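First, one chain by itself: the form predicted alone, in structure tokens.
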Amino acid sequence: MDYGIGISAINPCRPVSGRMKAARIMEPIEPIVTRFPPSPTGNLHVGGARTALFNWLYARRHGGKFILRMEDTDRERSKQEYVDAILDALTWLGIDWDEGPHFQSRRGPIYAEYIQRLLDTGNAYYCTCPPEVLERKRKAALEKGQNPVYDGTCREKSLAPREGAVVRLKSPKTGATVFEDRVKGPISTPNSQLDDLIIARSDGSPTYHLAVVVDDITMGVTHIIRGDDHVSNTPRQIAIYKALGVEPPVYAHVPMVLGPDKKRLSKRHGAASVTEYREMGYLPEAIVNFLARLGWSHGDQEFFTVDELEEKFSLENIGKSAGVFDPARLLDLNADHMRAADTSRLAGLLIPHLEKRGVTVEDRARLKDAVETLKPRAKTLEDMAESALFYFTPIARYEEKGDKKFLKAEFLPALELLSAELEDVDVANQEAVEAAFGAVMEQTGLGFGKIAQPVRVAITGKTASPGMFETMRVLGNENVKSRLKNAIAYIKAKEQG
């Protein structure tokens, strides 16, 4: 029996001649339905987030539906806290769902109905082979270099249900199962390699393959976009579709995400979950942009807004090689998105990171002004919060390098002159501040840089900060003038001590 299917069989509107070429693929006429089915046994990791994103983008681009489904049949490891964490991570990324979340643990009667349908049509059968016997046969097959598939002992016995019996699918034994993968191209698996897989355990509960297929059928899923570690599952699932008399969906298996060492991405490569990146101060749009570019491309463009991704995403531009997770590239991309972000929004996002450092923001307008000065250099919100501290907290200690180089006697006259010149000046008036600096330059014969650097250390505590005049404006009169006086007193104390 040949379970071969091609994309043309699923969507007749697509012209296919021999090996399909991506450029000739036409998008289907029927409404597109995609899904993301995480297991709530942990937080949403980067690879899972990319899978969710690809499904979401494909549905959004074609005006389709995106379904969220929790595969929570692992009762011991599935926890509500992980359900909540996954929902929160998806929401933060901006990946919204049109239906769900559905929970497999609540769909038992539906699975039972389909299992019975397969039994009634002769496409499934009860098996009473003891596990220890099956294990002995499996080892014997492996020792002989054979594929350890079930040998069909109970396949034609027409056994009645009994305690301890499982239900197996009557898989095809001749021909091949062929499908046209939208990323990998045609994939063929000899049916002799397919097992009579168990679709219901002895307690009646469905196994993974049965539940997935039934879910996708009943939810009307038309396109399955998932990692290529699932390629070996596809022929088995197609066999279930065929046994149920249902046309399989379109499959697109995307390459895995690897770490910089070209090994499968894991926690040893750094942060692995979306939640961790949120806590580290990354913007959701930067994570979405970065994940989209892991294996997908649109010319040479690197920076994408979410709207651009929705407009341009296609299965045909997904590459066949694995995407490499480059933390440095993500950091740079996040910096790009921070520079492009609305300042008011950034200010709101920054508040939790400042609060973590003991800063309570009372003046939102001042915070916005501070963020505007910090945007050009900040890589993350955490980075920005650290850089913003001098705006909101007194200087507890001067940066060691700046202290030694600039807070010393040779700069004392310039600092004292500037302090006097600024006494009746509003530091928000840049022209007046520039005039004050000009007067000090004229009196001391020093260039602007020679004066500005000690002043920078005096009012920020650091050798690097945003532009001098904008920094002074955001700090305000009281901070600038008092900090100059404090620095002057500090230098005198050092010289005396």
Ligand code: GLU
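Residue numbers here begin at 1 and follow the sequence given. These numbers come from a predicted model, not from an experiment.
We do not show the form predicted in complex with the named molecule, though everything after this point is about it.
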Check residue 217 for me: does it contact the named molecule in the predicted bound form (non-hydrogen atoms, 4.5 angstroms)?
no
Though only this chain appears here, would residue 454 touch the named molecule in the predicted bound form if you measure heavy atom gaps against 4.5 Å?
no
is_contact(residue 212, the named molecule) in the predicted bound form, heavy atom dist at most 4.5 Å
yes
Even though the partner isn't displayed, in the predicted bound form is residue 50 close enough to the named molecule, meaning a heavy atom within 4.5 Å?
no
Please identify the residue among 126, 103, 241, 208 with any heavy atom within 4.5 Å of the named molecule in the predicted bound form.
208
Heavy atom within 4.5 Å of the named molecule in the predicted bound form - residue from 117, 184, 107, 230
230
Just to confirm the contact call: exactly one of 194-202, 332-340, 129-137, 222-230 touches the named molecule in the predicted bound form at a 4.5 Å heavy atom cutoff, so which is it?
222-230
Looking in the predicted bound form, the residues of 50-82 with a heavy atom no more than 4.5 Å from the named molecule, listed in order, are 71
